[in-house]
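What follows is one chain in structure tokens, specifically the form predicted alone.
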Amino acid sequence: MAKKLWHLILVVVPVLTLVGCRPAPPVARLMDVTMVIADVLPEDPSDGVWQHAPEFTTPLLPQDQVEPRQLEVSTREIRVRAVAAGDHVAFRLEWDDPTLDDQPGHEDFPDACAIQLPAIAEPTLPAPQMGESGQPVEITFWTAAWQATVDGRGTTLRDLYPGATIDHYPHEAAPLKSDPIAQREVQLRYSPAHALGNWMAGPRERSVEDLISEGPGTLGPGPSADSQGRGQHNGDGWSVVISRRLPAGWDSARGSQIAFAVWQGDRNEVGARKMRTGWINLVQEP
């Protein structure tokens, strides 16, 4: 009897051990970025409409295709929700980054993110690494530095470097205060970018920029996609809304593709140094 009992223990205990240690079944992840339909696009990251959109989570990849490469993993994943209204769509991008970097400078790089879509939604896709010759991609780029400007931070040295000592700007000289036209001329003389119509440095009305690319090294200003952006940092990471029109040729039955990129300023990420994804299916809810 004792021998049979001992044999039963030897059989049952391993079975119980296997059952008790069996890992929980994996949580199902969305395979596509799925747009839900709304009457109006949400502009704020905290808008309640986002809760009705399914969240897509994907790992980010180091940019290891072209120089300068980013081979170390910084941002591990990005969480995305999408809401469409008419021929426009808004994406909410969220990622972990406890360091707020929104100060431009010689060695300071702002946090940033971007979405990439084919310029034309068609079955043949451009290369995911910023398109290819004859098959361009449209990119909408957001940066925390532009967001700070839109939110009211000035663009002068006093605004950017409050601790700096500045006698005065040339256009602030006392003799010019009574002559606004001459004051403006002097201001442009010492602001060559603005004199040439380049307002990239600010002040800005939008925190995003529409760009177009046909491969690495070809990025440039693109046609307007009616893009808008709004970003908020909550101490743990960013939540950024980017809205724009859908690509030309969009067909809700066929869908299209989208890709994402994230830059962490404190990791010296700028330009090609970034974390990225490949193409991801972009579909509309049934």
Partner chain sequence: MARVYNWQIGRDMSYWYPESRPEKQFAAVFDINKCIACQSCTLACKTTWTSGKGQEYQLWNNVESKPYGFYPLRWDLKLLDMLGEQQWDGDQYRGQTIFEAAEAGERVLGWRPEERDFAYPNVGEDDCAGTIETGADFQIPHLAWFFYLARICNHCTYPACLASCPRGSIYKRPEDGIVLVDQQRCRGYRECVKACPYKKVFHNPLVGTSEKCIACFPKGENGLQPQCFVNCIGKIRMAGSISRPEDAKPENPIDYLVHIRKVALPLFPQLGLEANVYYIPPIHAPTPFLYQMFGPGVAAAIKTYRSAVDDMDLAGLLTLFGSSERVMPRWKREGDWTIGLDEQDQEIVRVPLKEPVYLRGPFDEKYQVARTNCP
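Residue numbers count along the first chain shown, from 1. Fair warning: this is a prediction, and the values are worked out from it, not measured in the lab. Superpose the two forms; the largest set of C-alphas matching within 1.5 Å is the rigid core.
There is another form of this protein, the form predicted together with its partner chain, and it is not shown here; the text below is about that form.
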Answer key, its partner chain contact in the predicted complex at 4.5 Å (heavy atoms) among Val73, Ala193, Ala182, Ala173: the residue is Ala193
Assert contact residue (its partner chain, in the predicted complex, non-hydrogen atom within 4.5 Å, options Val36, Leu219, Val49, Ala225) equals Leu219
Does its partner chain, in the predicted complex, lie within 4.5 angstroms of each residue among Ala253, Ala261 and Ile280, using heavy atoms as the measure? no
Only one of 94 to 102, 107 to 115, 121 to 129, 74 to 82 sits within 4.5 Å of its partner chain in the predicted complex by heavy atom distance, namely 107 to 115
| message | Is it the case that Glu209, even though its partner is missing from this view, gets within 4.5 Å of its partner chain in the predicted complex, heavy atoms only? | response | yes
- Query: Taking heavy atoms and a 4.5 Å cut-off, does Asn198 contact its partner chain in the predicted complex?
  - Reply: yes
#### Entry: Close approach of Pro68 to its partner chain in the predicted complex, 4.5 Å, heavy atom
yes
Q. Does the 4.5 Å heavy atom contact test between Gln187 and its partner chain in the predicted complex come out positive?
A. yes
Within 249 to 277, the residues having any heavy atom within 4.5 Å of its partner chain in the predicted complex are Asn268, Val270, Gly271, Arg273
Aligning on the rigid core, do we see the C-alpha of Arg158 shift 2 angstroms or more between the shown form and the other one? no
Next on the checklist: When the rigid core is used for the superposition, does His171 move between the shown form and the other one (threshold: C-alpha shift of 2 Å or more)?
Outcome noted: yes
